[in-house]
Ligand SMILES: Nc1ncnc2c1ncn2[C@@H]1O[C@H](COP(=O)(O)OP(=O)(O)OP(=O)(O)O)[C@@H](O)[C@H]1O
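Only one chain is given next, in structure tokens, and it is the form predicted on its own.
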Amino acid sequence: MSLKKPTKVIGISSGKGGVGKTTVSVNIAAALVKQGLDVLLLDGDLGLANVQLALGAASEYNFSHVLSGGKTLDEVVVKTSSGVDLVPGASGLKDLASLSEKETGSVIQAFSSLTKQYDIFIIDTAAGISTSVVSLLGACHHRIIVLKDDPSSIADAYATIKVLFLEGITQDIYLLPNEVTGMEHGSQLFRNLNKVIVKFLGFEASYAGFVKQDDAIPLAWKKALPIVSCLPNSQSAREFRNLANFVNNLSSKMDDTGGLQFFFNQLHSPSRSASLGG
């Protein structure tokens, strides 16, 4: 009898939009595929289709069709040219945190019945700190918070971490400074925010790495391809490959069996629903 391999679940978020969260999600996913891993990427950004644009993918169906029971997950998943399997998002995603027990069971079945088994499941969440975003992040094995060296970005990243803290989540939170001038700039931005986290929340976040500001990234968006695919020798492509190595080395929580079922079991566990007012 073959057992389902454990699937590592990674949430990528930010306190606000416009900090490069989707660019990070898409390029980490594409870089992991280049390492020979099977990666499923869920666009959790409420139907804006940014992930589809970044991957040059088009789909007639999206996750709302799975929620309604009209399509299976296998029928919705899009195989992109970069090798990343994509679950297109939809406005129905906002209801994930408040599904009924029967609906939750249907979604769990949809993920557990996927024909393909995945090494890594990446969720590109919506920006902000809504209940659904916090629920999604709380159900992940690991959470990466993307931020820029901008007062509002830093404040909103801290707000995201504070909400996670209030829900009892203080582990496996990683900061990722984006569009920095170099290694020292990224390290300094991490240290400055981490000091605030330690002072007011009493725990430390971890450092995921950094991505430098790179004029090649807008070119990749115009090509509708991940930069690791279309401009693999660029500075940021090398940094995204480093981030992919970082993600690949994170614990897969071997004690959480059931593959992707773990994610939805956690998302709708009684204790989490109660803490989120469900």
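A residue's number is simply how far along the shown sequence it sits, counting from 1. It should be emphasised that the depicted structure is a prediction, and the values quoted were computed from it without experimental measurement.
Keep in mind that the form predicted in complex with this ligand is missing from the display, and what follows is about it.
No residue in the set 56, 77 and 229 has a non-hydrogen atom no more than 4.5 Å from this ligand in the predicted complex.
Contact annotation for residue 217: at least one heavy atom lies within 4.5 Å of this ligand in the predicted complex. Contact check for residue 42: no non-hydrogen atom falls within 4.5 Å of this ligand in the predicted complex.
Although the partner is absent from this view, residue 33 stays clear of this ligand in the predicted complex, with no non-hydrogen atom inside 4.5 angstroms.
At least one heavy atom of residue 211 is located within 4.5 Å of this ligand in the predicted complex. Stretch-level contact check against this ligand in the predicted complex with heavy atoms at 4.5 Å: of 68-76, 154-162, 175-183, 112-120, the positive one is 175-183. In the predicted complex, 17, 18, 19, 20, 21, 22, 23 are the residues of 13-31 with at least one heavy atom within 4.5 Å of this ligand, listed from first to last.
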